[in-house]
Ligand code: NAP
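Taking the form predicted alone, here's one chain by itself in C-alpha cells.
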Amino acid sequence: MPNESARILILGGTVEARLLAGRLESDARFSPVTSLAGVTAKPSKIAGEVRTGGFGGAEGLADYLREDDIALMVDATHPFAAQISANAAKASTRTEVPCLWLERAPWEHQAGDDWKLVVDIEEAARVIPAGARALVTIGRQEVGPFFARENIHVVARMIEPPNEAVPVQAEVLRARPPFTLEQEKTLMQERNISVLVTKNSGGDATYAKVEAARELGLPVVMIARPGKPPLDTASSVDEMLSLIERTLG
C-alpha cells in the first residue's frame, strides 16, 4: 500500500456506495471520490469528495481516471446500470486502472412467491393482464411502456417525478425507500393492487414489497438483471474493502 492516500473512484448512487465511501474516508490510506449521475435531486449525504454528472462515455471516464490520478475504481452503481458498468470496464482497460464491482446479491425465489420472470422492461409491460392494477416500482426513467398500456391501471412509485405526462389510467406516488412490510401491505390493499412489477435489485431497502406480495398472494413480474462485464466482484462492503486491499497491494 503506498504511503500517500490512494484516490479511489466510486461509481455510486446505491446504499452500498455510500457505506463504502464512509469506510474508506475513515481510513487514512484511502481518499474516496464518489461519482453520482445526478438523476436524484437530493441524494443522501456521502462522506469524502463527491462529483455529480456524467463523464462523457468510456473515453471521458478514462480521461478523468488519468487526470485525477485515480488508483482504483469501484463500480457500485445500481445492478441495472448496465451502460455505466460497460463504460467503466472499457475505461479500466484503456487506462489500466483496476475496476472492481460491488453488487448486492439478487433476491431469491422463496416458498409462497408467485414470480413471472421477464428479461426487460418491455416484456414486463406486455405480460401484465388486461384489467390489472399494477404497482410499478422501477423508477421514473422507464415507465413509458406501462403508461402506454391503456387497459391497465398503473400506480407508479418513484423518488423523482417522471419526464413524461402521466396518462389518465395511471398515477404517480413519490416516495423514498426504505419501506416497512406493513407500509407495503397497506399500500397494496388501499390501492387494490393485483400485480407488483419490480426489478430484481436485491438488498433490504425495498425487499418489503416482495414480502408484502407474498403475504397477500399477489403475483410479481420480476425483471432480471442485465449482463455486466466480468470483473472481480464483492457482494458486501466488507468483502469489497478486503478486495481493494488485495488489489492495491
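Values in this document were obtained by computation on a predicted structure and should not be read as measured data. Quick note: we count residues from 1 along the sequence shown, nothing fancier.
The form predicted together with the named molecule is left out here; the points below concern that form.
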> Which among 77-85, 109-117, 149-157, 95-103 is in contact with the named molecule in the model of the complex, heavy atoms within 4.5 angstroms?
Replying inline: 77-85
> Any chance K199 has a heavy atom within 4.5 Å of the named molecule in the model of the complex?
Replying inline: yes
>> F55 versus the named molecule, in the model of the complex: is there a non-hydrogen atom within 4.5 Å?
In response: yes
> Does at least one non-hydrogen atom of A37 fall within 4.5 angstroms of the named molecule in the model of the complex?
Replying inline: yes
> Might R51 be said to contact the named molecule in the model of the complex, defining contact as any heavy atom within 4.5 Å?
Replying inline: yes
>> With the partner left out here, which residues of 117-147 have a non-hydrogen atom within 4.5 Å of the named molecule in the model of the complex?
In response: Q141
